[in-house]
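First comes one chain, alone, set out as C-alpha cells in the form predicted on its own.
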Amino acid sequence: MSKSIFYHAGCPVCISAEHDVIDLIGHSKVQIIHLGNDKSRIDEAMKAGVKSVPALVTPNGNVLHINFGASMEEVIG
C-alpha cells in the first residue's frame, strides 16, 4: 500500500478528522473511504483491523483509531 487509507462514516467527528488528516499529511497521500456511502469496503476495513471510525490505516498496515465516532457494528447496522 503506497497511501494511507482514511475510513469514516460521515458523522461530524469523522468529517472533522478527515479535514485534519488531509491538512496533516496531504490529500495526495491519503485515500478517503466513506463507509456509509461505500458499504462494499466495510469488509476490507475490518480485515485491515479497523474497529471504529474514523480510522487511518498507514501504508505499513498500522491502524490509528482517531477519536470515536462509531463502532464498525454501528456502521454495518
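In case it trips you up, residue 1 is the first one in the sequence shown, and so on. Bear in mind the structure is a predicted one, so any value in this text is a computation, not a measurement.
Below, we refer to the form predicted together with a further copy of the same chain, which is not included among the displayed structures.
In the predicted bound form, a further copy of the same chain lies within 4.5 Å of some heavy atom of Ile25. Within this chain, Leu64 lines the site of a further copy of the same chain in the predicted bound form, having a heavy atom no more than 4.5 Å away. Annotation for 37-62: interface residues with a further copy of the same chain in the predicted bound form are Leu56, Thr58, Pro59, Asn60, Asn62 [heavy atom within 4.5 Å].
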